[in-house]
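Below you'll find only one chain, the form predicted on its own, shown as structure tokens.
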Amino acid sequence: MLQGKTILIGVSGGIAAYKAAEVVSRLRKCGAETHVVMTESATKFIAPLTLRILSANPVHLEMFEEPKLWNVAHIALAEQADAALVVPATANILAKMAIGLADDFLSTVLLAMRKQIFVAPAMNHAMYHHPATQENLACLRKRNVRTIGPAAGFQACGTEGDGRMSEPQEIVEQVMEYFSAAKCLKGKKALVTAGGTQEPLDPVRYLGNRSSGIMGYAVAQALQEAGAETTLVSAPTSIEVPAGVRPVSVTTALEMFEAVMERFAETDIIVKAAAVADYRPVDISGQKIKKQKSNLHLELISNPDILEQIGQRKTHQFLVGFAAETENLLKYAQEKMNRKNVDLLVANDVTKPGAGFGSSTNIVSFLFRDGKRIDWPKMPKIEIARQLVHEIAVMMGLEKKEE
């Protein structure tokens, strides 16, 4: 339940605004205190009086109306709220949030929020799939804004497709799930590896791979959200380290091995999401290797298998591995799981559209030691990471399994 929680509900101007009434009602029935902020356009679809009665609090409409609180209203609301929920989240409000525009009460209070923000997108199918909207959503997800939906079906404009706002029951359930799972890993220490290691050939060149590190960074964020004290051992990437996560920068496989093993004994959860080079050059040139007319021959030596080493040595640690394959996904993933003694393995076929390197989405399967498998459709990597953390918490007996 949501006893003691304060939820800020933003209502923007779309036909789905009428559903905000049920969202507010359900949140209050779950014990939450609700404060509603409406855009001017939203008032064309639903009367503020309706939401004022359902929320049992004044509805905020204008930036410069007579203050209802002693403090600056938008700052006060942002500070007292435990989370914000935008229902519906139109393409317009999503764009404002993405660029940090604050030209009305709702966009201003969202810019001042430092707690979790949820958005329930609702718009025409074509508007939802417009590159600008998708880029704005991707930007917001990187900032830890959680998206709920959208759903697919018949739309008010007469078209069919995804873009409908999710139903109020689903929206409220996701908010409740967030608060119930928010600190399920409190007191646990987690370590995540991410990115692709680089093995130098000379001062200019290296052997590497296509890993962007997005998945590993998402897992670190999800573990931090769940209350775990999280360390991120990362090969070079251009991604910002999630707030609260302790970064450890490495370059080569040997450096990553040393960083992981140094922290191994005191860690409770280890997620090996990095793409670690299997081999490194025997000799590293001190100067740039000049181009020759003849072929260049490199002698390579094996790097330590970090996941296998941890699997052999683990005592109380919960170990998660990743398997990125291009063929025979489940066969190779199962073999890797058994060979490296992991507790849970995340497998994905990197040749599938939306599941390759550098993508903000992924298509994965979770493999368990008892033979169970969960196949996930294409989802944002941060949502996959949160599902992974949920499974970890369940298997560690720290969270109840959903029925």
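From 1 onward, residues are counted along the sequence shown. The structure presented is a predicted model; accordingly, all values stated were derived computationally and were not measured.
FYI, the form predicted in complex with cytidine-5'-triphosphate (CTP) isn't displayed, but the following is about it.
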- Residues in which of 321-329, 241-249, 165-173, 284-292 have heavy atoms within 4.5 Å of cytidine-5'-triphosphate (CTP) in the model of the complex? 321-329
- Task: Answer yes if any heavy atom of Pro304 is within 4.5 Å of a heavy atom of cytidine-5'-triphosphate (CTP) in the model of the complex; otherwise answer no.
- Result: yes
- Would His35 count as a contact of cytidine-5'-triphosphate (CTP) in the model of the complex, using a 4.5 angstroms cut-off between non-hydrogen atoms? no
- Message: Asp278 versus cytidine-5'-triphosphate (CTP), in the model of the complex: is there a non-hydrogen atom within 4.5 Å?
- Response: yes
- Lys44 within 4.5 Å of cytidine-5'-triphosphate (CTP) in the model of the complex, heavy atoms: no
- Item | Joint contact, Lys272, Lys336 and Lys340 to cytidine-5'-triphosphate (CTP) in the model of the complex, by non-hydrogen atom at 4.5 Å | yes
